[in-house]
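Below sits a lone chain in structure tokens, taken as the form predicted on its own.
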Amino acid sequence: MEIYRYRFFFFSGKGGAGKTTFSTLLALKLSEKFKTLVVSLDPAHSLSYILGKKIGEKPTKVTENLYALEVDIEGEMKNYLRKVKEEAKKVVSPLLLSEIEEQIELAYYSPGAFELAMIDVLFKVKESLSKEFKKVVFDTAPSGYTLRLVALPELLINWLDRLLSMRREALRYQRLSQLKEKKSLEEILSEDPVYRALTRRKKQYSSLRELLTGKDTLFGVVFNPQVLPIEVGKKTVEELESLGIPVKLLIANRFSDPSPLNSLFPDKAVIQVPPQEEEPVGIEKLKCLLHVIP
């Protein structure tokens, strides 16, 4: 398959399957021709280990054309909730604000907080860092996290559509109840901080949906030759595609023979990374494997 025609790359699979190793390997290959960024979205953060270099929260130069970034998951969750608080201050009565802030603090521990923070990270990378880099490779969290992450934009867009519709109706009735000279509904909507905030969020999530499903994005799943990683990988492929995200590449990591994957998915491209005597840690060892990527 023609790897170079894609701009964004996502790799998922069971924990320990080799997502970080292959993501880094591909980023190194792409950096031979393009300025490339590899981003770790995995809380385990193995990128620094694989590269043999401390990777920070801002793009860290690894080679002439390769940069790496490890996302501070806890920091991003706190940053996301801080932004929610700021938006609440614009639209909530001061009498209610302290109670709402307390609920927002509790949201840090709630299900979905991790995925919402990652959504913000993806948007930030797409809108700012992708202007600097020609290719961006995402090393995602293990399969379960990834599936929830990619399903979220569509769910949030549907939810926001309902909220926008309800807010529009509320403002329409409010306008009709006014006896003095009225502004048009569109003028009222454009000035309403709640409606503006919801609209801004919907644009962000729509942009992310386009990133995940667009023609410039390649989704891959990494497999190991053991029974459980193959089953987890198979389920990941099926669930991603049920969400409307085509999986275009399978990675047969540590496979002596990739035929089991060819049999399972005869219509998909497979890259075989044969077993190594030593773990490929560091740029020089990774360079020895670049030939596996066509």
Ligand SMILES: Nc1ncnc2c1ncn2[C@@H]1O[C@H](COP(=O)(O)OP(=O)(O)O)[C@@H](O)[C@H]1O
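Rigid core (definition): largest C-alpha set, two forms, superposition within 1.5 Å. Sequential numbering from 1, following the sequence displayed. None of the values given here were measured: they were computed from a predicted structure.
FYI, the form predicted together with the ligand isn't displayed, but the following is about it.
- Shown without its partner, this chain lists T36, N253, T236, S40 as candidates; in the model of the complex, only N253 has a non-hydrogen atom within 4.5 angstroms of the ligand.
- The ligand is not drawn, but in the model of the complex it has no heavy atom within 4.5 Å of I271.
- Taking the partner from the other structure, the ligand in the model of the complex has no heavy atom within 4.5 Å of any heavy atom of I283.
- With a 4.5 Å cutoff on heavy atoms, I50 counts as touching the ligand in the model of the complex.
- Residues K14, G15, G16, A17, G18, K19, T20, T21 are the ones in 6 to 27 with at least one heavy atom within 4.5 Å of the ligand in the model of the complex, listed in sequence order.
- Residue displacement note: L228 has its CA displaced by at least 2 Å between the shown form and the other one (rigid core superposed).
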